[in-house]
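One chain follows as structure tokens, the form predicted on its own.
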Amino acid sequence: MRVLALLNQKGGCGKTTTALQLASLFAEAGRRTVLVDLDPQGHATLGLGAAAPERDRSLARVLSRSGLHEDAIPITEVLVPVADRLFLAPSGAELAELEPELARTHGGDERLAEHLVALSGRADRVVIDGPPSLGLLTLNALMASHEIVVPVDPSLFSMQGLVRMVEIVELTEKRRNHRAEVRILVNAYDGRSNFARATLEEIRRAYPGKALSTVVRASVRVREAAARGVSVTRLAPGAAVAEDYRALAKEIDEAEAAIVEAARPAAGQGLVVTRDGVYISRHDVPPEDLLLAGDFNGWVPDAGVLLERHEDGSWTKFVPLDTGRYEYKLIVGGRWIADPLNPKQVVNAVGTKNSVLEI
């Protein structure tokens, strides 16, 4: 599963439009795609023609609980199908109320990454539409992503947003050991403007290797498509801007080979299943407060579990497993619970639930 976020602190630079077009194109190409609306304004939700969600069925409700809480809701339970192979994690103004709470919570900047783990094996692409700010929601998007696309319209404020975003990505890599590839998209481009041409040249000079070759031209078709809740490529498939978005999706796809997507638990807090076994990583609790027990280790908590501590204070546990089906539980602060973020559960011999892994 590959996670891509559209981020820029400046509003109106094309984050939501680009997120909508990329998600639609990935789905049309046959990939199971989830669009995560992480903007409290809910423009991606609106742009796909979806109704504002009820509070208990929204992304804010999902992110309000850590995966260690028994009443946590997996993100899979709030997904709304909007087209063939395209699903939406909807949001609204309640996300703005959640941000201060995340800021006060240890590990609150990894809450989205933790919940996206539940999409592994169910989605090929996740596209995150970030908010026009540099708060905890933006940091959540960054910590959950393999790639950051920064849309920039040829304007001074948008350029300032770009500079700040690149600084934050670099700071996060240094302090949190989380690396995300930055790709810069020049958006709403008018080649007749001397300022626009000069801006494009300056970006390519200042950020070699980061600026995308594709440039998305300005077009009224973008606003028309948003008003109808459809993608530009569906509304006006022959339009120049539709060609630009198809070229953008292709360029991003071709760069996939350069992205190392092997299980890097530090980039996704939570339980990650791979062909080699199971990783579980956390930043918000000590390793002795979260143990694993299952039929893979005789139901003895953490028996056979390998622990690695990281410099940033986080840790990773690994259980090597062969191909097969396994039942397990988490032991959180001494409480035995089924994994709240794993929807695969069965009733055991004593009437409680075990979680199920299949490798």
Ligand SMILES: Nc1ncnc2c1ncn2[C@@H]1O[C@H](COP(=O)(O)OP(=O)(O)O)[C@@H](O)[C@H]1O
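Counting begins at 1, following the sequence as shown. Treat the numbers as computed from the prediction; the structure is a model and nothing was measured.
Below, we refer to the form predicted together with the named molecule, which is not included among the displayed structures.
Asks: Could you check which residue among 218, 73, 235, 249 gets a heavy atom within 4.5 Å of the named molecule in the predicted complex?
Replies: It is 218 that has a heavy atom within 4.5 Å of the partner.
Asks: Which residue among 223, 174, 122, 106 has a heavy atom within 4.5 angstroms of the named molecule in the predicted complex?
Replies: After the contact test, the surviving option is 223.
Asks: Would you say all of 42, 45 and 49 touch the named molecule in the predicted complex, counting a heavy atom within 4.5 Å as a touch?
Replies: Per the other structure, none of 42, 45 and 49 touch the named molecule.
Asks: Under a 4.5 Å heavy atom criterion, is residue 340 part of the interface with the named molecule in the predicted complex?
Replies: Residue 340: no, not in contact with the named molecule in the predicted complex.
Asks: In the predicted complex, does residue 13 have a heavy atom within 4.5 Å of the named molecule?
Replies: Taking the distances in the predicted complex, the answer for residue 13 is yes, it comes within 4.5 Å of the named molecule.
Asks: Give a yes or no for residue 138: in the predicted complex, does one of its heavy atoms lie within 4.5 Å of a heavy atom belonging to the named molecule?
Replies: Close contact is absent here: in the predicted complex, residue 138 is far from the named molecule, nothing within 4.5 Å, heavy atoms only.
Asks: Test of understanding: in the predicted complex, would residue 188 fall inside 4.5 Å of the named molecule by heavy atoms?
Replies: Answer yes; at least one heavy atom of residue 188 falls within 4.5 Å of the named molecule in the predicted complex.
Asks: Out of the stretches listed (332-340, 345-353, 21-29, 5-13), which one is close to the named molecule in the predicted complex, meaning heavy atoms within 4.5 Å?
Replies: Heavy-atom contact with the partner occurs in 5-13.
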